[in-house]
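Only one chain comes next, encoded as structure tokens, the form predicted on its own.
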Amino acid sequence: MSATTLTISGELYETIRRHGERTYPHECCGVLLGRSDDQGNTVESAVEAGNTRTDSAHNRYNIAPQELIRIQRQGRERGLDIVGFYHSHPDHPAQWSKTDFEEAHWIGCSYVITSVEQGTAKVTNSFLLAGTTEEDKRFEDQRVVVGSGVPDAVRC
């Protein structure tokens, strides 16, 4: 595996995809807790978050800072870090948008996007936010490995 690999259990992968189907035609969003190393990010928990966007919930998402802090604390209590975020793109490709890039600030984290077409999850892709600062950040395609000995974790 390369550093641009996201490893996730089949159960958590499907949980993320079902979340997108449930919130359709609005974007869903959530936080990925797990561990990072030279091989990439390993997801051990997917935590659903509320989309606080009221102006454009069909094509934008926002996680309230208080909720993000709560999720981060929950993870730390379990020895886990935030290793990524996920959201859905209703009736749009599973590719990052200009807005996704502008609002991505967690370097080293995975940004998982699922396209949900007419209420059904289709393609799920992941992108690693690479770089060292806001000025040189960039998204890199990230290989998603589903299963591969990752235990099915209990959601927070």
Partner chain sequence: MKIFIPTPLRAYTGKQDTVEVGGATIHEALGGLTSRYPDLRKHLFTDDGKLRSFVNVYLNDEDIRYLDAKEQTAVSEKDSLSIIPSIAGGC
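Residue numbers count along the first chain shown, from 1. Please read all numbers here as calculations on a predicted model, not as lab measurements.
The form predicted in complex with its partner chain is left out here; the points below concern that form.
**Q** Within 4.5 Å of its partner chain in the model of the complex - does that hold for a heavy atom of every one of Leu12, Glu21 and Gly40?
**A** No, none of the three is in contact.
**Q** Evaluate Ile63 for contact with its partner chain in the model of the complex, applying a 4.5 angstroms cut-off between non-hydrogen atoms, and reply yes or no.
**A** Residue-level check for Ile63: yes, a contact with its partner chain.
**Q** Closest heavy atom of Thr120 to its partner chain in the model of the complex, within 4.5 Å or not?
**A** Contact with its partner chain, no.
**Q** Against its partner chain in the model of the complex, would Arg76 count as a contact residue? Criterion: heavy atoms within 4.5 Å.
**A** Heavy-atom contact with its partner chain at 4.5 Å: present for Arg76.
**Q** Is the gap between Glu44 and its partner chain in the model of the complex 4.5 Å or less for some heavy atom pair?
**A** No, no contact at 4.5 Å.
**Q** Out of 61-99, which residues reach within 4.5 Å of its partner chain in the model of the complex, heavy atoms considered?
**A** Heavy-atom contacts to its partner chain in the model of the complex: Tyr61, Asn62, Ile63, Pro65, Gln66, Leu68, Ile69, Gln72, Arg73, Arg76, Asp81, Ile82, Phe85, His87, His89, Pro90, His92, Ser97, Thr99.
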